[in-house]
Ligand code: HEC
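Just the one chain here, the form predicted on its own, laid out as structure tokens.
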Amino acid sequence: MTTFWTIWITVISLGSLFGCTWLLWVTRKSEPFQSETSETMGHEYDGIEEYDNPLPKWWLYMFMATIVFGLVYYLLYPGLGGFKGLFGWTQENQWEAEVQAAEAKYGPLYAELAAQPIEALAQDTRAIRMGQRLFANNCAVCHGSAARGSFGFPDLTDNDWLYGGTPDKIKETLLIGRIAAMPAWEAVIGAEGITQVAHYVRAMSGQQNVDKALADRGSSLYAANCAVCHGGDGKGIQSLGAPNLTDGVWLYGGTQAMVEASLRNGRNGVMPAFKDTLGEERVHLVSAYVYSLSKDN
């Protein structure tokens, strides 16, 4: 924090406290009566008059106490610009202390469970509950609380996997993350080509409302431009993260308009790596939870 902002915050903070003190003092001094009186303020409304009594002492003492509390707080904790307070407290230190306490308490349990195979943990109720909580805190924002995904985010409860659904592959995905890139094709195959390939791709997935003539013309364009990633049969290539186009599962929608949009504009997806944020032991538990969601489907 620069010197200017340190001074600015200090002046505003202390000025507010001293301003309240001055206001309290002036108000107290300006009161014509120092004890209860039968004199009124001189105005009446609907037969109701207000006595010209001084501030109640309990209110006055509480106001003074809050001012003193504020001064003590500014001495002990950071609040005056660059001054860190006599206790030297910071939110970073507080967070680190809480993390260390949690590691000391739960670390041995994580280590014990991480030593077991994911397949075994997928049958362990305690491990699944722990993995579910970790999933809710870190993964549900994209994949949903029920892990059923949403537009652009895969459903984790089915058997359709972009990079493989084995325990090792799921854990690998969580540890290192994934970056998917579907290039835009309109500049390469043109607007008519986009429509033709979209019809062909939709025909591959078994959709009925497809123009066969357009699909036939799209087959050669597909073979020349798309098969390198999705395969000649459209089954996809997991090592590339290229989805299976024949199973009717669509990450960005399978209507003619949505498939054309994917072809025309391309798609880019990023799955963050959790190795550094969660650590391998917690990733192991999340992997077991995710594996348990689809292993019986």
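Heads up: residue numbers just count along the shown sequence, starting at 1. Values in this document were obtained by computation on a predicted structure and should not be read as measured data.
As for the form predicted in complex with the named molecule, it is not shown, yet the points below apply to it.
- From the list 37-45, 63-71, 50-58, 267-275, the contact stretch for the named molecule in the model of the complex under a 4.5 Å heavy atom rule is 267-275.
- Taking non-hydrogen atoms only, Cys226 approaches the named molecule to within 4.5 angstroms in the model of the complex.
- When the named molecule is considered in the model of the complex, Thr246 lies well away from it, no heavy atom lying within 4.5 Å.
- Looking at Gln256, you'd find every heavy atom of it more than 4.5 angstroms from the named molecule in the model of the complex.
- Proximity of Asn138 to the named molecule in the model of the complex: non-hydrogen atoms within 4.5 Å are present.
- Residue-level contacts in the model of the complex: of Gly82, Gly190, Gly206, Gly152, one residue has a heavy atom within 4.5 Å of the named molecule, and it is Gly152.
- Among the residues Ala122, Ala114, Ala215, Met182, the one placing a heavy atom within 4.5 Å of the named molecule in the model of the complex is Met182.
- In the model of the complex, the named molecule lies within 4.5 angstroms of at least one heavy atom of each of the following residues of 276-290: Leu278, Val286, Val290, in sequence order.
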